[in-house]
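Presented as structure tokens, the chain that follows is alone, the form predicted alone.
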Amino acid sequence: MTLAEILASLFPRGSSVVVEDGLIHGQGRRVDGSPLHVIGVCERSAVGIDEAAKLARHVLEIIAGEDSAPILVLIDSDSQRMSKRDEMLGLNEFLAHLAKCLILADVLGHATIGLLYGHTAAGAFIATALATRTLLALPGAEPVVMDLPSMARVTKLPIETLQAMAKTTPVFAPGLANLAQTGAVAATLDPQRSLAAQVEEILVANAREAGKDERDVLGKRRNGRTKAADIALRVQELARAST
């Protein structure tokens, strides 16, 4: 689906969402007529310090507003911008700031929900889509935390070894199916159905869960991340016992 088609399905009565320099921001209406804030990256744009700062500013403006409406993050991006300027000016800090703004918004009552509809990779993926409470996707989305050639350079393992591991261990493999198996992607939406109705179902379910993060539980249930949920539970138990 194109961005225009996605917005039309999300907001059949229209919206004030605009696209500027590869970034998305604005507002639409939920099924019940209440507001839904929208930010994001489109046109497979890279996320550098300028883009991260602009997106973070939009999130902070939402937090400073008078409503507690959810924030939908639409993503079709490249990776973080690979430039000396961005790296020297502290790109990692800008990306971390954006992620923390989204997490803060969620903690303060603006439920955050991501929707992958195109490509995304590396730092741009982590600071936007993965920083939301619930991440959804459309068929054909191409999420990549780190591609195998890059992983080979970092780990010093032969790429053939990583390719073999990726066949049985989803955390080593790029792609929508693998990210879903690990629990990072909660659900893949049906483009033939109203996206507004499907997103509404998720928002209502999130409200019932009161902000509980279920990604580790999903990963265990889907046999993609078998240890994370148990380790997290044990850490919580130890923390409670020490207080």
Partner chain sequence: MSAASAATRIDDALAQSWYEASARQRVDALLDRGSFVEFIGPERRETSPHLPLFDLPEQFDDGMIVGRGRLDGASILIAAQEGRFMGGAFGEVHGAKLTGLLRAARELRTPVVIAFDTGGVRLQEANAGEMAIAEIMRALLEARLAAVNVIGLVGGRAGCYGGGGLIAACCSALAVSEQGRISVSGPEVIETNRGVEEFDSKDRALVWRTMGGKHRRLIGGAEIFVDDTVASFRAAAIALLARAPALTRAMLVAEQARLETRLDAFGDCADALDIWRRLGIADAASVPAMSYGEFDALGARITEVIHDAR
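Only a predicted model underlies this, so the values are computations on that prediction, with no experimental measurement involved. Definition used throughout: the rigid core is the maximal C-alpha set that superposes within 1.5 Å between two forms. Numbering follows the first chain given and starts at 1.
Just so you know, the form predicted together with its partner chain exists too; it's not on screen, but the next bit is about it.
Exercise. Indicate whether its partner chain has at least one heavy atom within 4.5 Å of a heavy atom of Tyr117 in the model of the complex.
Key: Contact check for Tyr117: no, nothing within 4.5 Å of its partner chain in the model of the complex.
Quiz item: Hey, in the model of the complex, is Leu179 touching its partner chain, heavy atoms inside 4.5 Å?
Solution: So Leu179 counts as contacting its partner chain.
Quiz item: in the model of the complex, does Ile231 have a heavy atom within 4.5 Å of its partner chain?
Solution: Heavy-atom contact with its partner chain at 4.5 Å: present for Ile231.
Quiz item: Would Leu89 count as touching its partner chain in the model of the complex under a 4.5 Å heavy atom rule?
Solution: Yes, contact at 4.5 Å.
Quiz item: Of 50 to 58, 22 to 30, 35 to 43, 191 to 199, which is the one stretch near its partner chain in the model of the complex, taking non-hydrogen atoms within 4.5 angstroms as near?
Solution: In the other structure, the partner sits against 50 to 58.
Self-check item: its partner chain in the model of the complex: contacted by all of Ala96, Val107 and Thr132, heavy atom 4.5 Å
Solution: Contact check passed for all of Ala96, Val107 and Thr132.
Practice problem: Could you spot which one of Met146, Val73, Ala111, Ala141 gets a heavy atom to within 4.5 Å of its partner chain in the model of the complex? | Solution: Result of the distance check: Met146.
Quiz item: Of 221 to 243, which residues get within 4.5 Å of its partner chain in the model of the complex if you count heavy atoms?
Solution: Residues within 4.5 Å: Arg225, Thr226, Lys227, Ala228, Ile231, Ala232, Arg234, Val235, Gln236, Leu238, Ala239, Arg240, Ser242, Thr243.
Quiz item: Just checking, between this form and the one not shown and with the core aligned, does Leu138 shift 2 Å or more at the CA?
Solution: Result for Leu138: no, shift under 2 Å.
Self-check item: Large Cα shift (2 Å or above) at Arg234 between this form and the one not shown, core-fitted
Solution: Moves: yes, 2 Å or greater.
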